[in-house]
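Take a look at this one chain, the form predicted on its own, written out in structure tokens.
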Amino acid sequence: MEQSSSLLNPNAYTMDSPHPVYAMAFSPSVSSPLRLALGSFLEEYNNRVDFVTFDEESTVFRPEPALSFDHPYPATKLMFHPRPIPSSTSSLIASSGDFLRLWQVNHDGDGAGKSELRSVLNNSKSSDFCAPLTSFDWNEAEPRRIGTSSIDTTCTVWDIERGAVETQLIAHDKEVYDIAWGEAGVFASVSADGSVRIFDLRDKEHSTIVYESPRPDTPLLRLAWNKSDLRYMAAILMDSNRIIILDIRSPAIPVAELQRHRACVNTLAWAPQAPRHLCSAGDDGQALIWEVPAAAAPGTTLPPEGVDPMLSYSAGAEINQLQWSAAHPDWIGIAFESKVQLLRV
């Protein structure tokens, strides 16, 4: 693994990985240096999760091979526990793939430490196998809860302290591709059925459809719920350059459609501290930062030419992953091919 500063952009720092990278997560610890978990994408059973730190002053990446662990199949998502214990040398990290797994990561400093599997959470009553998990989200307001989405049309809410299912819902008519928490007991999901649905755990029999794709059976792949302003969500469609911005107070009609990518969008993330800033990235190799327009007043519309991004960055290759650090909001991480880049924004 190597570090270098991009000649094209002095605020981009690149690390070469020994394998293609897909899943990526920033540690939520505000202490320096930044720590990243990186999941390999190898089309075989044996995959890896590696850890690396980045020193903002020296702009050097430092691998932490003692913390790396083997992972069955590529991880579809990685997340650190959203509420780290201050000054703790231990982290809890979750991964999804064939199952939801929890790992204890003990980093003793100077590259020392180890990781160990804490639990494998399987919601199948009848066998040792379950339908693959497409994604999950860790509930910041209620960290004992993790919600998972699956190709079997369900969403499952786990109580990780008890290691038990709190509830499992048939969420959609087809595969569920992503899930995002809004409040402690409210989550949303997107599906191959082309809908965005909101679920409230106090009323599990019903859901609210806040958006349906105008073209039947156009899958929605990713969903991001704005933690700084819970009125807003963003979603992306399969094989589309459009990003749909939704205001849940006025469902069905998007507040805006962002269409400046020149190829399909793969990933997106809201800024952790700026309520209307959003970053997206896709197959055109671009990472774009947008200022999402506020909900228009009744009777007004957005300009017909659409919204232009505030900032753009070209990676020169298809970007398949993007994360915006909540603890260090000046940094965005992107992954393409076998490279990880940190962008200072």
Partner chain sequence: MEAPGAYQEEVQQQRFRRQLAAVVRNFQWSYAIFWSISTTQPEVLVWSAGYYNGDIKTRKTTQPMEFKDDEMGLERSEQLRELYISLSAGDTNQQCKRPSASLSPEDLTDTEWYYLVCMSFTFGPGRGLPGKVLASNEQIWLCNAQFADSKTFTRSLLAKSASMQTIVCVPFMNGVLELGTTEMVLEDQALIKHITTSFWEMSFPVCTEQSISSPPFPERDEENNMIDAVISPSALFSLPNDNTSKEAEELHPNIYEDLNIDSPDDSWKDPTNTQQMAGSFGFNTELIDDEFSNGVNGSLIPSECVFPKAAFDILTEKTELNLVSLDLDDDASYYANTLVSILKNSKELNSFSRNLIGGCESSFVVWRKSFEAEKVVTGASQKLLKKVLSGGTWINGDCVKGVQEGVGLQSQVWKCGVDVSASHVMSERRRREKLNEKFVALRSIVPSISKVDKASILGDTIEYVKELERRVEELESCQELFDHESRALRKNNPDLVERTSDNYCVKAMSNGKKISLNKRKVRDIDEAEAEQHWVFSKDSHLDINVTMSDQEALLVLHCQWREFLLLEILEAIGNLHLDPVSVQSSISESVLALTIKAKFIKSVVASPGMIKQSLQRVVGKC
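Numbering follows the first chain given and starts at 1. The structure displayed is predicted, hence computed values, not measured ones.
Below, we refer to the form predicted in complex with its partner chain, which is not included among the displayed structures.
- At a distance threshold of 4.5 angstroms between non-hydrogen atoms, Q273 is in contact with its partner chain in the predicted complex.
- In the predicted complex, its partner chain stays beyond 4.5 Å of every heavy atom belonging to W103.
- Within this chain, E57 is remote from the site of its partner chain in the predicted complex, having no heavy atom within 4.5 Å.
- Contact check for L223: every heavy atom lies farther than 4.5 Å from its partner chain in the predicted complex.
- When contacts are defined as a non-hydrogen atom within 4.5 Å, none of L67, E116 and G147 contacts its partner chain in the predicted complex.
- C130 is the sole member of C130, L78, A256, I160 with a non-hydrogen atom within 4.5 Å of its partner chain in the predicted complex.
- Residues of 236-261 lying near its partner chain in the predicted complex, listed in sequence order, are I236, L237, M238, D239, S240, N241, R260, the criterion being any heavy atom within 4.5 Å.
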